[in-house]
Ligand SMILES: NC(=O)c1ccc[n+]([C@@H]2O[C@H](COP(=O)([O-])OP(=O)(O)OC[C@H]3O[C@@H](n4cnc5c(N)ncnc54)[C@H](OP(=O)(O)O)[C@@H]3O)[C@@H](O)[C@H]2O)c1
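In structure tokens, one chain follows: the form predicted on its own.
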Amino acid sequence: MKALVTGSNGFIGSHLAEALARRGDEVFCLVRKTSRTDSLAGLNVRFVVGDGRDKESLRPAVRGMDVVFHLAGVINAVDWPTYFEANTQGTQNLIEACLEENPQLQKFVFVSSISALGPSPCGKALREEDECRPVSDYGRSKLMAEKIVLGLADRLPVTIIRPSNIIGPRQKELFESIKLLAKRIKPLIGTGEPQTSLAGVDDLVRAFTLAADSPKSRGQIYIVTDGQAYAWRDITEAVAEALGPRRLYLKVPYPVQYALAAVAELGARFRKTPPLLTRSNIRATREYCWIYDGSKIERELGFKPELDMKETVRRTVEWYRKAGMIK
């Protein structure tokens, strides 16, 4: 199979490119001229230069492909136009390029987000058919992109995947938590009650390939989770356990985290770069629940999560240790 992966140098995209190459697919990674490709070093992949903001640059990239996995996008941005240009307009440019240059494409897999569906009522898991009520510009831009993709479902075989919160090596936010805990600093995240669904990145990648390979997935939306609901602090405790013997921590309360996020946003505006930590991120872990039902992809495509959260965290911590990024 000839597969094009956009966002291939990112956290999830690099894992997908690695998995596709490992199973013997011919993998093409769409990157910009300025993209860093360290995460793809040593993989049997080919690089194709293109930019989601420029449809003409995407035409040669999609020609002859069997499957296009569209993961490229912006999660944290300084303003709405940036979200719209990267997540909505970029998706429209890519799928139109596919339609015009490769109408025989076997599958267009669009990786959206649970943010497009929006937060769940605490104690209730949302499903794919529930009304979408995004609360962030990121979520709104992804929902708009979903509508563009589904609007062309009668002309191209499309599938939308909404990952829950994903953990694994190269995930920036989890790495930041690992670094803080390695320094004995423990942010008190969330309320202590179950607030989020999770999935390991390797399980998510298997969901992508199942969706790409199955004709049943055409025109469908799938949520991917490991089937459990977690408190944010469950993840923190799993990291602390994976780091080694029990230790004393400096606990960082919510107001301090919020203030630090405000400083990070201000600095990002001066640097004109996306902030790693935002006040909306902090509020999202405190004020909302993000719990979802992933049973549809299990029923229809036979997906089964293989790793639990603690094992995924343990493997992630070990990966960073071997890479010399934590002690």
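Residues carry their position along the shown sequence, with the first being 1. Being a predicted model, the structure only gives us computed values, none of them experimental.
Although it is not shown, the form predicted in complex with the named molecule is what the next lines describe.
ask   = Among 148-156, 105-113, 128-136, 211-219, which stretch has residues whose heavy atoms lie within 4.5 Å of the named molecule in the predicted bound form?
value = One stretch meets the cut-off, namely 105-113.
task = Could you check which residue among I166, L243, L143, L188 gets a heavy atom within 4.5 Å of the named molecule in the predicted bound form?
result = The option sitting close enough to the partner is I166.
task = Let me know the one among T88, T236, Q171, Q257 whose heavy atoms come within 4.5 Å of the named molecule in the predicted bound form, would you?
result = Comparing distances to the named molecule in the predicted bound form, the residue within 4.5 Å is Q171.
inquiry  = Counting only non-hydrogen atoms and a 4.5 Å threshold, tell me whether G192, A229 and T285 all contact the named molecule in the predicted bound form.
reply    = No: none of G192, A229 and T285 comes within 4.5 Å of the named molecule in the predicted bound form.
message = Can you tell me whether G10 touches the named molecule? I mean in the predicted bound form, with a 4.5 angstroms heavy atom cut-off.
response = It does: once the named molecule is placed as it appears in the predicted bound form, G10 has a heavy atom within 4.5 Å of it.
ask   = Is there a heavy atom of E298 no more than 4.5 Å from a heavy atom of the named molecule in the predicted bound form?
value = Output for E298 is no: heavy atoms all beyond 4.5 Å of the named molecule.
ask   = A97 near the named molecule in the predicted bound form, any heavy atom under 4.5 Å?
value = Close contact is absent here: in the predicted bound form, A97 is far from the named molecule, nothing within 4.5 Å, heavy atoms only.
task = Indicate whether S35 is a 4.5 Å heavy atom neighbour of the named molecule in the predicted bound form.
result = Yes.
query = Taking the named molecule in the predicted bound form, which residues along 47-78 bring a heavy atom to within 4.5 Å of it?
reply = Contacting residues: G50, D51, G52, R53, L71, A72, G73, V74, I75.
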